[in-house]
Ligand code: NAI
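Shown next as structure tokens: one chain only, the form predicted alone.
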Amino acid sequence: MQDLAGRTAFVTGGANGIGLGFVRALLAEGCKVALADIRQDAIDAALATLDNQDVIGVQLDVASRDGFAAAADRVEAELGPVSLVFNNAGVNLFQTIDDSSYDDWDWLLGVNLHGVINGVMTFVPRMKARGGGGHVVNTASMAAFLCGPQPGIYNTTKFAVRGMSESLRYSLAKHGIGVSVLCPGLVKSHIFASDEIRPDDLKAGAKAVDATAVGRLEQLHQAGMEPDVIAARVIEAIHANRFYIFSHPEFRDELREVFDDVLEAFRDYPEDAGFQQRLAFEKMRRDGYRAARQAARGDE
């Protein structure tokens, strides 16, 4: 996608961090932008910094399908058809899976995974029907590749966003709609304070907030990459129709090490009875997968 000017963009989690960086970058590209966030006070504060008539604020809980549909109707009525979708809203919970409750799962899955699903299912059918192309950017994380004991649920959601995004890229290529997945590292944002926006009905079993730990995380995130730097790298990737957007180059060697570990886990087992038949099927699948990647890149 070479020219974004004049298009309408919808950005979730748009009132701070990477989302607000997206909003500023898109406005600079000449887009009309809907800044969606769950907190009205954060929306108001963000809009006060944006002296531009082509941006509006929309209060939205991304976990709500009905809320998403209503937001889409309002934005398209005011700004025109949305063809750039940034599913960026996210929350984190810094604890292990075995120390978590069902409400912990429902909260993070609702925002980090279902929020992306809702954005896709709300806007992509409209984009396909209009035939004007577009682009979807789903914010995952380096946590879509790199795991530790915590944050386990966050890892789960980001791995899912990565897989979902890749599949979507192949199915939408023929419609002229690109898909990218953003995998940032540490960002200067407020995700360390996610508990502030946790819904009351999903607090059963929640652990008491450790103010000291939150303070340490706040200091850590102050050393994160500036959102505007990430946004500029994302805009460049959209123009180039790249799928993976690794904004933080410091992860290259670690990711190579992880994939080397994956390949090292394969073993040269003796052939079983169905091996040759499977080879024929897997060749067809492998060739189809290669063709899908090439088509999504525009190699054909």
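This one's a predicted model, so the numbers in the text were calculated from it and none came from an experiment. The numbering used is simple: start at 1 and walk along the sequence shown.
Quick note: we don't show the form predicted in complex with the ligand, though the next part is all about it.
Among Leu186, Ala160, Leu202, Val229, the residue placing a heavy atom within 4.5 Å of the ligand in the predicted complex is Leu186. When the ligand is considered in the predicted complex, only one residue from Ala34, Leu60, Val234, Leu26 comes within 4.5 Å through any heavy atom, namely Leu60.
Heavy atoms within 4.5 Å of the ligand in the predicted complex are found in one stretch of 252-260, 237-245, 269-277, 35-43, which is 35-43. Proximity of Ile18 to the ligand in the predicted complex: non-hydrogen atoms within 4.5 Å are present.
Contact between Gly134 and the ligand in the predicted complex is not found at the 4.5 Å heavy atom cutoff. Taking the partner from the other structure, the ligand in the predicted complex has no heavy atom within 4.5 Å of any heavy atom of Leu84. Residue contact with the ligand in the predicted complex: Phe123 places no heavy atom within 4.5 Å of it. Contacts between stretch 133-148 and the ligand, counted in the predicted complex as any heavy atom lying within 4.5 Å, involve Thr139, Ala140, Ser141, listed in sequence order.
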